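Quick heads-up: it's one chain on its own, the form predicted on its own, in structure tokens.
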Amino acid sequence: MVARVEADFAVIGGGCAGLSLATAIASTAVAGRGAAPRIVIVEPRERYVRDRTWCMWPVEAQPFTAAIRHRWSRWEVRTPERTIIRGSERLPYVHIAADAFYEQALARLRDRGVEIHLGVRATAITDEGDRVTIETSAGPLRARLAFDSRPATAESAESLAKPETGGAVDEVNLLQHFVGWEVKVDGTPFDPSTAILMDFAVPQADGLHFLYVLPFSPDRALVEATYFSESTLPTATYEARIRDYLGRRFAIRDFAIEFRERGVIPMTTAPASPQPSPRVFDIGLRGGLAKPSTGYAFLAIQRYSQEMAARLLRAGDRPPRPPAARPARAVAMDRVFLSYLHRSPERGPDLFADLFERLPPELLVRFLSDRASPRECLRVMSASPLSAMTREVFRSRARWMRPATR
């Protein structure tokens, strides 16, 4: 049970963002040889199990490299008219196993004396000026600063994608929503050297839609039906798309489902609110750490966590200014891309295919990882439908010229 205690930092929600930040704060304090802060995490789940998938390109160092379980040096994007295969031996696409990430993060936190209270749900967070009070299902918790990383349900993700804008700006609000199955099959239909990042050669009646396939071995793969649209669909719709795809693409009729996942990620041009009050910070999806045009978040979470931990160490007892969730030029590019997808969803498959076909693989990876230079961003624009994208720049100018941080 959480007693009425004082903590330096309260982390609300012990998912990827919460555990990553707590790990970074604890590690930075040790490296800085300061007094160890008291960190308390409250998390509603009662135990950690494999519950999701994180993937990325390793464009920079991150503290959970040991949790990588699979790598693909080739990546496929497919439309009804063409198949593009690109790749990089130096920057393979990598898969981080959630159970391995949780195991490593929890072990480091236990070693640093961080308190983790499982089965405890936060119901309210109040900034009282000199401290924050968090009302929880186990009683109140008081802390000097609070970091809200509560994960989104499908309903709350739709709310995050449609924030209050006061009617001043016409924001684009889409969702990336998906259901995935890890399947085990008889035979060897999968090519474990190639990750299928987007296969658009599937029915598009329910919105911009593709299948995503991570082949872990010739007889095992994670297969996800993914949509970019304004609202989620019944579970049966995603599952029917997966079954149909396995049959048409791989001639698979019988299989065992060994793992299931479902996710909803906001794809919005509306700015996030990283600091809703002086002593409360939003992180994770709430803080805008997922790339809106793709949903990639793991590396952004690690960058934010390391920088926030360093700022906390420098700030002492004062609340620091939060780091930018993402680079300003990446935010601007995503706003243009989302505006284009919103206005012309039928052109989405060719837009992504053009980028993979026309750009050098490692430049594309840097762009997708928010590490492209200004000159490289211009190359990305030139690889896309330039005239239409230029129109989106002017249509979106009022949005993307706003500061990336508040």
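Being a predicted model, the structure only gives us computed values, none of them experimental. When you see a residue number, it is the position in the sequence shown, counting from 1.
One more form of this protein should be noted, the form predicted in complex with a small molecule, which is absent from this view; the next part is about it.
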item	value
4.5 angstroms heavy atom contact with the small molecule in the model of the complex for residue 21	no
Residue 369, heavy atom within 4.5 angstroms of the small molecule in the model of the complex	no
Contact test in the model of the complex: residue 114 vs the small molecule, heavy atoms, 4.5 Å	no
Heavy atom of residue 301 within 4.5 Å of the small molecule in the model of the complex	yes
Which of 288 to 296, 182 to 190, 244 to 252, 272 to 280 lines the interface with the small molecule in the model of the complex (heavy atom within 4.5 Å)	288 to 296
Contacting member of 225, 265, 196, 312, with respect to the small molecule in the model of the complex [4.5 Å, heavy atom]	265
Candidate from 122, 91, 208, 233 lying within 4.5 Å of the small molecule in the model of the complex - any heavy atom	122
